[in-house]
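First, one chain by itself in structure tokens, the form predicted alone.
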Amino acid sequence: MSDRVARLLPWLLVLPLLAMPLYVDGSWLIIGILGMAGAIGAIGLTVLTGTAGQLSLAHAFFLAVGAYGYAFLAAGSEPGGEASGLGLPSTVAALAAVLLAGLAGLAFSPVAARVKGLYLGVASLALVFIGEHVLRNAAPLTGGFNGRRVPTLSIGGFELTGRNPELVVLGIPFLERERLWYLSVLVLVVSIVVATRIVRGRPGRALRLMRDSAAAAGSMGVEVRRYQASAFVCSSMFAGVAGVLTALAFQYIVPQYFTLLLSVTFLAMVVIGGLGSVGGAVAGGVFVTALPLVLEKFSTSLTFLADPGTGGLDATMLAHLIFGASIVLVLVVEPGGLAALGGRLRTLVRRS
């Protein structure tokens, strides 16, 4: 089999994704949508950490900027609520929220230019803590501790994440979740293409050289500080896109979701998937995001799982144990993660 056909095989997975809303119920669609949002966020982090070598624990902050930025920019004042908004067209608000996340990454980039490695990771924690404080106390913007509602995304009166106008395909009504599913697939494909061009192109080569040796990169004409800033901006914009999709999936966002645990979860995604690999980030993002949701969905059938809050082994705790074991296996057995396993499968396909 030719190399071209082997490269096209992963894209064939898009075909069953397009048919999924015709066969599964809404609960599975939400799990898939959140998985795709996690994959997009993981793509941004693997560009920053895997390709550029800059450790960041602030990914949850940039997701919050995208999610709350869209909610604030797209919504007007909530009747009977504390949160307000600018009332911009929802598509403009979504794009502006992504740009706002990029600006937040650009504002933090001077710190990344001065410190590196573990010190950069510790410094990025400040963004998470600042973000948690703002989300809980800036009630006119965020709704405070109780959160705020997320407006519907629409284009020209057609609600991409709503019910209007009515849309029926093959006798199946396409409502909020079905429409958001196809939007998420489109955004995920675009994100994969953009990130692949970055990683495999000239910027990716410069980022890898900078990761291995900043002095060597500078001696070869690479503007190190500019590329460091660009990596943070790129990563934060991917996180902003993930934040907007997550907000649209939840339809109501609260500060308790955008904590340090979310940043650590994204690090688990890129480690399990394989640092520096776009495809690995997608696989790791879907796996880490969907596993606890799937376990929770089947918690009544899995008799060994306890109810949340009872002190036993619940679905979330089991998922965390699986993530920890997966990270250990990746670090000890296969440092390349799921991406390396996928490479082995492609090799077998070529040989066949």
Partner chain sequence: MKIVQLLFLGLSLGSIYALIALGFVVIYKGTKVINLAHGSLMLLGAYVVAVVSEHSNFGLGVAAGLVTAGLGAIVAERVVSLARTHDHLVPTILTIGLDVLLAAELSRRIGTEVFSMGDPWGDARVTLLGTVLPQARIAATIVGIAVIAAFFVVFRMTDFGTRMRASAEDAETAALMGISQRRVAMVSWAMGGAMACIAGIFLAAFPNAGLDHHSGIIALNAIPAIIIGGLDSSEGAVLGGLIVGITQSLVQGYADALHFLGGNAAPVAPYVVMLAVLMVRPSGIFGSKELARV
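Numbering follows the first chain given and starts at 1. Just so it is clear, the structure is predicted and the values come from calculations on it, not from any experiment.
Beyond what is shown, the protein has a form predicted in complex with its partner chain; the following relates to that form.
The candidate stretches are 153 to 161, 127 to 135, 240 to 248, 86 to 94, and the one lying within 4.5 Å of its partner chain in the predicted bound form by heavy atoms is 127 to 135. When contacts are judged by a 4.5 Å heavy atom cut-off, G117 counts as touching its partner chain in the predicted bound form. Shown alone here, A123 lies within 4.5 Å of its partner chain in the predicted bound form, counting heavy atoms only. When contacts are judged by a 4.5 Å heavy atom cut-off, T289 does not count as touching its partner chain in the predicted bound form. Taking non-hydrogen atoms only, G324 approaches its partner chain to within 4.5 angstroms in the predicted bound form. Annotation: in the predicted bound form, residues M269, S277 and G342 none come within 4.5 Å of its partner chain through any heavy atom. A heavy atom within 4.5 Å of its partner chain in the predicted bound form is found for exactly one of L29, A315, A283, L57: L57.
Along 250 to 268, these residues reach a heavy atom to within 4.5 Å of its partner chain in the predicted bound form: L260, V264, L267.
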